[in-house]
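We begin with a single chain expressed as structure tokens, specifically the form predicted alone.
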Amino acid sequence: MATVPPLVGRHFIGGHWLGPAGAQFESRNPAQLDEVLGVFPQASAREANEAVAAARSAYPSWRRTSRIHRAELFDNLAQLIKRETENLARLMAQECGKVLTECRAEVIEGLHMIQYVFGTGRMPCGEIVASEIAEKDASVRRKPWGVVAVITPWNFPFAVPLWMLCPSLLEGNTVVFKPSEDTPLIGQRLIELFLEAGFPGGVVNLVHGEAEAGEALVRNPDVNVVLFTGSYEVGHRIQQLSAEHYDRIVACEMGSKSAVIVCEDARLDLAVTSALISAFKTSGQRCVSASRILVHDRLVEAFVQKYLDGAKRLRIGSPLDAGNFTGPVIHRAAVEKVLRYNQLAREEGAEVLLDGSPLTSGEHARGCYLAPFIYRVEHRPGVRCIREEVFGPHVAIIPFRDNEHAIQIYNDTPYGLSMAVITESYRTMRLFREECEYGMGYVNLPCIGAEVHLPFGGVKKSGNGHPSAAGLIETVTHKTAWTVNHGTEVKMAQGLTTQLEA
């Protein structure tokens, strides 16, 4: 079979595609590292700033465009996504290593976000409130901030950008989009579809690159909002740099140490299935992946046996084979990080139950494949492997005595993104709902599986109170108060006098 030449990537700035002019980087298939999918230009600070200037120039006319017309462009985009679903899923599987079934689901998730904002285009964008003065009308309206920088991760290279791009553009902002340097191909294809849908040049801009491009966007004072999903370290850097700008809004969804809590009354099969999906879908490379499974003492032996049996049966292989459960991790550096944490767990006294290691023979020989690493460890102060994010198929099973003990263990990490509770008791469910620190909670479900009409975000090092997806509309707009006097004299609230002379 003939080899397909790598795609030549381009920036899109101010309505123009710009070819390579300087440093470049490659996008490789993590299932076959010798396959180069594309070669992309490395944006400099100059190009990032040009993209911001283009977005700023396009903002006045886009803001004045009817909100309903902006929404109708998303209907155009939705039809294109439906047409391209299979092509997008296959491209994503090749570039980020997720299996085809997951990639199809991600395309549908992105489509749902588009459909959501299309629907909200005809919904109220403010509210009427009462005034103390009968002759006054008072209202609250949302207005766009201006220019939004969108910086997204590789593991959800289609849905997460749409979580951010869609609310920003619907509400009248213009955007500069920097996709992950690990998945630039799907990012570029997404912008091509925006243009085919009829979004004007300058309203949507694309720059490829690594830290230099991202930092230039964050440092630019003409960027009003930064939307970021990725690691805590990068998100914290964005927040620090943004503190220098008096009108900067930052929404960061960062890391996690999410968990599934298996209570004493849990249905065992449901618990095992939920925990396997939570831990090993996308090879544990979701921000909401469970790297901790908390299990009641009385269930732990039975749970461990079933969990190990299930993990050993997981099919790990080519992302293009829809029969596989999961594929490779994203690159060699990810393999090395997971192996370091596997070794750390051993050093910290863990009992290794399933010794995950690189898969290097047969179809796995050319890629970044890892088998699940599962261990049992008691909760105690200072154990790093049960407190720090790993981002791979690395899972701790941690016994607990009672519900209060489980809450203590769950909260004993600097993160707070997602959790699942497996229980038949509504009282137990409510206890965990009230006492645990999280942004998304699930009962008798995996701790993955967000829906776009719900807010997506966390607390502590996982987020800063500006959730993504549907919750982002409040971040990319600001509220204004508007009061009109319909009387022929001035009357003031709070009984303030209008008398001009004593």
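Note that this is a predicted model, so its numbers are computed, not measured. Start at 1 with the first residue shown and count on from there.
We do not show the form predicted in complex with a small molecule, though everything after this point is about it.
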Q: With heavy atoms only and a cut-off of 4.5 Å, decide whether residue 109 touches the small molecule in the model of the complex.
A: yes
Q) Does any heavy atom of residue 54 come within 4.5 Å of a heavy atom of the small molecule in the model of the complex? A) no
Q. Residue 456: heavy atom within 4.5 Å of the small molecule in the model of the complex?
A. yes
(Q) Against the small molecule in the model of the complex, would residue 224 count as a contact residue? Criterion: heavy atoms within 4.5 Å. (A) no
Q: May I ask you to choose, among 436, 473, 58, 448, the residue with a heavy atom within 4.5 Å of the small molecule in the model of the complex?
A: 448
Q) Looking at 156, 400, 369, 280, which is the one with a non-hydrogen atom within 4.5 Å of the small molecule in the model of the complex? A) 156
Q.
Can you tell me which of 361-369, 328-336, 191-199, 281-289 lies within 4.5 Å of the small molecule in the model of the complex, counting heavy atoms only?
A. 281-289
